[in-house]
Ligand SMILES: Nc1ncnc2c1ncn2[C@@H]1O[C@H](COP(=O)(O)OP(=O)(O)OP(=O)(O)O)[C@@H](O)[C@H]1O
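Listed next as structure tokens is one chain, alone, in the form predicted alone.
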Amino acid sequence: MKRVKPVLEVRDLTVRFTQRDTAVDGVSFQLYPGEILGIAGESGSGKSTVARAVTRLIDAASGEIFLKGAPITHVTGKRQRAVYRDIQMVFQSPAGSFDPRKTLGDGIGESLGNTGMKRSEVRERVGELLRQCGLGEEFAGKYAREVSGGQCQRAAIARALAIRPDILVCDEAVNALDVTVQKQIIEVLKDLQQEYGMSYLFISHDLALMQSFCDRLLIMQKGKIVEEGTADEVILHPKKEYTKRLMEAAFLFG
């Protein structure tokens, strides 16, 4: 993969919430085309902050972020909107990301309507996206409050895929779901990744799940990357004591 140019590159990223509170401290990594890169760590390790920084939901204090070779660290306006076309994010609580006054179909089709697509074409595309994510077309007429957490998460994935991004960032996207629904959502993500060739940045604390899903893993502790490698390397042969403790806790209580 190192011979291929990364679709996303992060160099020495630092994010501060206050002068004394450094959430991410000098993080660097690359995400390659078609790769599933996992970021794991305890709560407060900085993994979700990294996700929000690369999607430009929060600002970096220092460092650089490159999307397909172009700097996006401080973009605003039209350039920032272009970033949102290339990088989409799926959150842990999908119901909160849908407007409660609008149907799921409205939420999924909003970005398509903004491109100038006709209403009939938007409806057709929304139905196609719902089917791809394992939902019937009738879900287009439902509200987030009327469906289960797993169904709402599928709709959120459909919305993120509407404009066919290059990168899908999943921030604890399946952790609030029960194990059976988790597996179903992961299968949907695998199928979509194969179909579209997207890259995933997958944030989670479920290491067993990440071993079966991710190509590479980054382990974060107190805002820094402390270990990285293939998923099997990191999980089966951890080098750092912190990583070993994470593995023991994950597989003892998981």
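Start at 1 with the first residue shown and count on from there. Because the structure is predicted, anything quoted here is derived from the model rather than measured.
Unshown form predicted in complex with the ligand; subsequent notes refer to it.
Screening 72 to 80, 141 to 149, 157 to 165, 114 to 122 for residues having heavy atoms within 4.5 Å of the ligand in the predicted bound form returns a single hit, 141 to 149.
Proximity of residue 23 to the ligand in the predicted bound form falls within the 4.5 Å heavy atom cutoff.
Residue 44 belongs to the set of residues with a heavy atom inside 4.5 Å of the ligand in the predicted bound form. Taking non-hydrogen atoms only, residue 106 never approaches the ligand to within 4.5 angstroms in the predicted bound form.
Residue contact check for residue 92: one or more of its heavy atoms lie within 4.5 Å of the ligand in the predicted bound form. Contact annotation: of the candidates 110, 137, 86, 172, the single residue with a non-hydrogen atom within 4.5 angstroms of the ligand in the predicted bound form is 172.
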